[in-house]
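In structure tokens, the next block holds one chain alone, the form predicted alone.
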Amino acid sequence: MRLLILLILTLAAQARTVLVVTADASDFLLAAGGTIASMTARGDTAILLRVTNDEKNSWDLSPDETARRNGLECAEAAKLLGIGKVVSLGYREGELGGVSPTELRDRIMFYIRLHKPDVLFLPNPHAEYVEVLDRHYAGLAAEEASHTAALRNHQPPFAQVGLETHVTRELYYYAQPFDPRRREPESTATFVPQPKVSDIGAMLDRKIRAALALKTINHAVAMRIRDRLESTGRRLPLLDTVNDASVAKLTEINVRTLAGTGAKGTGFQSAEEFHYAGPDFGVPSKFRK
């Protein structure tokens, strides 16, 4: 019994807080869901900060109904990954380009100082070929928030209500692996986040289940693909009939393909790729003795 208690106390002492920033309901899941699930399975506490309300991401629903369904389905997907809390900032999807960068940065910084994460996941704003620009803007704001959260003269009123400065030790920059330069080491490991690959083989099934929870978004993706193919005289037999079964199969294929792409050349079967800034990031080696 004593050994069991000591083990529990040791695990509790090692547990970390993970804050995940995502522009929308699907990006964090498809790009980083397996790694996040691995962390929560080890006992880490995870919070999801969802920037937009996904009110445009459906095929045939009103914006209000789309936002309602996507909110519920995002919460269910997060739960399946072991994320204990979801906070939605409520910005309109596709319109972050018109939001003040300082406003968005400070709202994210508030949650960094509130939850004091050991690990921060954020959309990589420097990835190439990001078609969903909300992810670029959310990533820029989150990156800056991770820096300003450590500086006392940014938002002094936060400290007045007990939200003191905070340094996040680990940053995971994520993007779905379509960037051809995603594995190129950039500059030196001291000053630029470096490529990092995470083995998600043990969590792939959980990631798939979480992805399947996003039913409204998955249906919209399937319909858009079929519509695009038909407009160019092509077809995908799987989508000749769009129903729950075909949408689920398409979603599973997408998740498995992304995991396979991330694992290429690594020796893993399924993986996710990041640019990673760890405890040594930004600290020259001469100061790390």
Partner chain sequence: MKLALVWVPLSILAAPLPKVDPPAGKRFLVIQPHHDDHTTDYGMGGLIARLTRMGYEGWFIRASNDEKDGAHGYPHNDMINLRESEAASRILGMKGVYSFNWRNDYMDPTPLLELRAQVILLIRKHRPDIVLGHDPWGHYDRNPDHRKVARACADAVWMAGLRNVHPEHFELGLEPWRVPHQFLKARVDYGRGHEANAAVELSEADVQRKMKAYSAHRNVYASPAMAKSVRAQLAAKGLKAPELDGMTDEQAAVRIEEWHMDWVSRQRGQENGVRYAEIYWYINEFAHLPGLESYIQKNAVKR
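Residue numbers count along the first chain shown, from 1. Please read all numbers here as calculations on a predicted model, not as lab measurements.
Just so you know, the form predicted in complex with the partner chain exists too; it's not on screen, but the next bit is about it.
> Out of G94, P193, G82, G71, which one falls within 4.5 Å of the partner chain in the predicted bound form, going by heavy atoms?
Replying inline: Here the answer is residue option G94.
> Pick from R183, H136, H219, R209: which residue has any heavy atom within 4.5 angstroms of the partner chain in the predicted bound form?
Replying inline: Residue within 4.5 Å of the partner: H136.
>> Taking the partner chain as it sits in the predicted bound form, is A127 near enough to touch it, meaning that at least one heavy atom pair lies within 4.5 angstroms?
In response: Heavy-atom contact with the partner chain at 4.5 Å: present for A127.
>> Is it the case that S62, even though its partner is missing from this view, gets within 4.5 Å of the partner chain in the predicted bound form, heavy atoms only?
In response: Close contact exists here: in the predicted bound form, S62 approaches the partner chain to within 4.5 Å, heavy atoms only.
>> With the partner left out here, check for me: in the predicted bound form, does some heavy atom of L258 sit within 4.5 Å of the partner chain?
In response: Contact check for L258: yes, within 4.5 Å of the partner chain in the predicted bound form.
>> If we define contact as a non-hydrogen atom of the residue within 4.5 angstroms of the partner, is L104 a contact of the partner chain in the predicted bound form?
In response: No.
>> I have A159, R169 and D280 flagged as a candidate spot, so tell me whether each of them has a non-hydrogen atom within 4.5 Å of the partner chain in the predicted bound form.
In response: Not a single listed residue reaches the partner chain in the predicted bound form, so no.
> Okay, which stretch from 141-149, 174-182, 194-202, 115-123 lines the partner chain in the predicted bound form, with non-hydrogen atoms inside 4.5 Å?
Replying inline: Stretch with heavy atoms near the partner: 174-182.
> Hey, which residues along 221-239 are within 4.5 angstroms of the partner chain in the predicted bound form, non-hydrogen atoms only?
Replying inline: The stretch touches the partner through V221, R224, I225, R228, L229, E230, G233, R234, R235, L236, P237, L238.
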